[in-house]
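Only one chain is shown below, in structure tokens, and it's the form predicted alone.
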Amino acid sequence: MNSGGLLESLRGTLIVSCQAYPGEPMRDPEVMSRVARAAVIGGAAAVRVQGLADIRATVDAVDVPVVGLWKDGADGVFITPTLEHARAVADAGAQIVAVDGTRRPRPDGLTLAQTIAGLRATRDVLVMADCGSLEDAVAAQEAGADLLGTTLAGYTDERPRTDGPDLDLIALIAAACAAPVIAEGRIHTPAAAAQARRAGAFAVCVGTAITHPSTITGWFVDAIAADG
């Protein structure tokens, strides 16, 4: 599928993020690939997967596009933070490489534009920029990103952290940028996903509410405890 066809295949669809944190029972590439398969059975048009082993396992397990990323570190720029990380994600089989799309300094000293250009020079992939603000999104589009995610809204101190998706930011980016907007972050219900789409999202990415049972269980526990 060419890049235009790949993008169009995501219009108006659900992307499911299949990730587990280090130390959790589900933190295993085979488990995550099975979670991804289950999401595809449910109708996911693409899956978002973290870590090279998880990407490789998932690419072999599903017949939908894989958005790949590599988290390295815990603070600052840690979502596919360098050009070498991005190349490794592409080599693992991801058709779309997700990278930190903020304007913060990157560990290898390259700009986002240099990172995207360096990746495209040798790899035939699309790039999703995980942004935290309108300014990030505008800069990421200028840098050559194919998709603009709201993944980092509320996590970079440029915008307050909303209880649900940052619908205002989705609308602002959709109005200001030609690149498709992927709504991601704190989308915990089907109603919130529909709101994100109406706000201008090209596609919607949901993770925790679908694929993280520890957190989902905690929501129910807290609700029961609060009621009595």
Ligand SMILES: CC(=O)N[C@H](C=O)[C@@H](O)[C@H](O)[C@H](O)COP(=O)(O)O
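Here the structure is a predicted model, which is why all the values come from computation and not from measurement. Residue numbers run from 1 along the displayed sequence.
The form predicted in complex with this ligand is left out here; the points below concern that form.
Notebook entry, point to check: So which of A196, V47, V181, L69 reaches within 4.5 angstroms of this ligand in the predicted complex, heavy atom to heavy atom?
Noted result: In short, L69.
Check: Of these, R186, R56, R37, R159, which has a heavy atom no more than 4.5 Å from this ligand in the predicted complex?
Finding: By the 4.5 Å criterion, the partner-contacting residue is R186.
Next item on the list: Report yes if any heavy atom of L10 sits within 4.5 Å of a heavy atom of this ligand in the predicted complex; otherwise report no.
Entry: Taking the distances in the predicted complex, the answer for L10 is no, it never comes within 4.5 Å of this ligand.
Checklist line | Contact test in the predicted complex: L152 vs this ligand, heavy atoms, 4.5 Å | finding: Yes, L152 lies within 4.5 Å of this ligand in the predicted complex.
Notebook entry, point to check: Can F220 be called a contact residue for this ligand in the predicted complex at 4.5 Å between heavy atoms?
Noted result: F220: no contact with this ligand in the predicted complex.
Next item on the list: Could you confirm whether V206 comes within 4.5 Å of this ligand in the predicted complex, counting heavy atoms only?
Entry: Residue-level check for V206: yes, a contact with this ligand.
Note to self: If contact means a heavy atom within 4.5 Å, which one of 113-121, 76-84, 89-97, 137-145 is the stretch that engages this ligand in the predicted complex?
What the structure shows: Looking at the partner contacts, the answer comes out as 76-84.
Check: So which bits of 9-23 sit within 4.5 Å of this ligand in the predicted complex, heavy atoms only?
Finding: S17, Q19, Y21, in sequence order.
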